[in-house]
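Just the one chain here, laid out as structure tokens, in the form predicted alone.
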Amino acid sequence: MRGARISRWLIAVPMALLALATIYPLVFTGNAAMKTRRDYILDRFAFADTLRWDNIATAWTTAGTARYFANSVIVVAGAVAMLLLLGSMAGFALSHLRFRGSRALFLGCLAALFVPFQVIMVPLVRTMADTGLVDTYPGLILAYTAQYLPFTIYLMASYYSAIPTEITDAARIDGNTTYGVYRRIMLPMGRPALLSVGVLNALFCWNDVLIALLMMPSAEHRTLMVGVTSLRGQYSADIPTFASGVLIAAVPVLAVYLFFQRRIADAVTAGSTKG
């Protein structure tokens, strides 16, 4: 019994410290956003006396965060839609269709997961510039799709491979074409995986800074994360306004984690066991 209690403490203490290290930056940011510039300079670690929403309003309107927020919503929605469509179709093909080179194609998708974006960012940006897609919504959507499609294909193929082939064979006997099997059988059965992968891809695209900074250089088309980083230079002496922008950017991510945490865990563990 004593050994079991010691083991629990050895697990609980590091987990509590990790949770504290994760929560404290959010608490500090929210507290700084509620202060005036004078209060923050006098004591940055003291709790705010009253809740002041002026800084958040300033960051939302004057600093242009509302426009950045809208840009992020447009780009993330388009990228996630393309990723789910292409990823589900490719995952179905690689898991249930047998054709020459399917194994090599799947291994190629796995290999693409290990290629960092920094390796391909120069040719990608040059290609986008030559085609006139830099500083446009479709250009950033295509860049996100190219970056996260291998991850989406891998998870969807792992999920679809657990579906027995007898189901798809029965659908073909009933007269369904390959597209009919995908639309009538695989898409409905793949809804849990689609939701999980969609949530993860939305978080990846929302939190991205590097790709958006390269593809959207103008201030008008900045995404929220890039716009928030620019607040640090524009309002370098006004830390409460900068903290308000960070808080606005963090709230959607926190909401997604709270509502879809089980789906995120399912997506992370997809493919870890053989179906």
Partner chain sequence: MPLGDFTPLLARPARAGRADGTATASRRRRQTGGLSAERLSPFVLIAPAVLVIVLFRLWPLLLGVNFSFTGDGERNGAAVGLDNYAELFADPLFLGALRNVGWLVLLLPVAVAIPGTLATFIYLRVPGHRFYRSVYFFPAVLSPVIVGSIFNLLLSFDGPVNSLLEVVGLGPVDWLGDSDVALFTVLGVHIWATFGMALVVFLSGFATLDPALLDAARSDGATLPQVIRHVIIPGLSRTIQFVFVTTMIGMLTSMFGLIYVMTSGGPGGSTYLPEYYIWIQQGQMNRPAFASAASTVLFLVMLVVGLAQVSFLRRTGKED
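Basically, rigid core = biggest C-alpha set you can superpose within 1.5 Å across the two forms. The structure displayed is predicted, hence computed values, not measured ones. Numbering follows the first chain given and starts at 1.
Separately, the form predicted in complex with its partner chain exists; it is not shown, and the next lines address it.
- In summary, among the residues 67, 52, 37, 44, the only one with a non-hydrogen atom within 4.5 Å of its partner chain in the model of the complex is 44.
- This chain is drawn without its partner chain; in the model of the complex, the residue among 110, 189, 195, 74 with a heavy atom within 4.5 Å of it is 110.
- With a 4.5 Å cutoff on heavy atoms, residue 137 does not count as touching its partner chain in the model of the complex; it lies far away.
- Taking the partner from the other structure, its partner chain in the model of the complex has no heavy atom within 4.5 Å of any heavy atom of residue 216.
- Using a 4.5 angstroms threshold between heavy atoms, residue 132 stays clear of its partner chain in the model of the complex.
- Proximity of residue 153 to its partner chain in the model of the complex falls within the 4.5 Å heavy atom cutoff.
- Contact residues in stretch 134-161 (any heavy atom within 4.5 Å of its partner chain, taken in the model of the complex) are 142, 145, 146, 147, 149, 150, 153, 154, 157, 158, 161.
- Core-superposed comparison between this form and the one not shown: the CA of residue 251 stays below a 2 Å shift.
- Taking the rigid core as fixed, one finds a CA shift for residue 220 smaller than 2 Å between this form and the one not shown.
- Relative to the superposed core, residue 40 undergoes a Cα shift of 2 Å or more between this form and the one not shown.
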